[in-house]
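There is one chain below, alone, in structure tokens, taken in the form predicted on its own.
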């Protein structure tokens, strides 16, 4: 397996192996399966859980990680072809990535969208450029359109809680935020829940429904798995009988690259902050999920985040276990 850029890069057998191995690694975390292996971690955007869990996981498997954060101790990188590099970037990916893979056995990269337009976001150009330059195993640690390691952790979290796959009721809800956030996590979450075979509802204001190509991929996954996907702006109706409420903020797709217009559009939507009242009658047993970081009392109220229904810490811990299993799979260390 040369690359893990999207959840669908794992077929059903591979996905099953990763989830099973992650459970075994959770029980016995210290292994030597990556002894003498080096993994280069290229973070073009900030991180807490992704960086820490990757470094910890590689160390627990006996490997070594090299962390590079362009612009913070290493040269700022350019990724576009044909650029006259007479401004900020001092180095191009065309040289940097081939050099890095000469030092490492695998690479992992975090590269958000540039934010100029929806069309550019859907092309995922930075990840695409990196993939074309790397011949060794490459892992997506969040790009413009996907965060597949988060999706693996969320899948395992629901399995840990014995939440049903086919027939389970899953709601992905848009939440308010003071600025427009990327589409990668909500798109990946929607696809993941559909691939599990769940009855999935995307709850969002009409202005913030995910773009059609992302919806189409989720619908195709639902069709293959026996799940379903529907879209609603009616909170009470959407939450009825939900077993999982997964909150996430993202920007209006039609206004990517136009932040002032997007900010004006979201005015008046501050009540899209997850509160206990969302669950009282419609979904009293539902679990609350979020990928973190989360702005308290903006995206979700303390009363939910600090309650027994919240499983956000479990999700974050599962990042460690699934990524370790993924590294073993990709570096030929299956046990």
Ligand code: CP
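Source: prediction; values computed, not measured. Residue numbers count along the first chain shown, from 1.
Separately, the form predicted together with phosphoric acid mono(formamide)ester exists; it is not shown, and the next lines address it.
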Counting only non-hydrogen atoms, choose the one of 26-34, 40-48, 60-68, 263-271 that falls within 4.5 Å of phosphoric acid mono(formamide)ester in the predicted complex. 40-48
Spell out, yes or no, whether the shortest heavy atom distance between residue 217 and phosphoric acid mono(formamide)ester in the predicted complex is within 4.5 Å. no
Taking phosphoric acid mono(formamide)ester as it sits in the predicted complex, is residue 110 near enough to touch it, meaning that at least one heavy atom pair lies within 4.5 angstroms? yes
4.5 Å heavy atom contact, residue 275 and phosphoric acid mono(formamide)ester in the predicted complex: no
Look up in the predicted complex whether residue 150 has a non-hydrogen atom within 4.5 angstroms of phosphoric acid mono(formamide)ester, and give yes or no. yes
Ok, 305, 56, 292, 298: which has a heavy atom sitting within 4.5 Å of phosphoric acid mono(formamide)ester in the predicted complex? 292
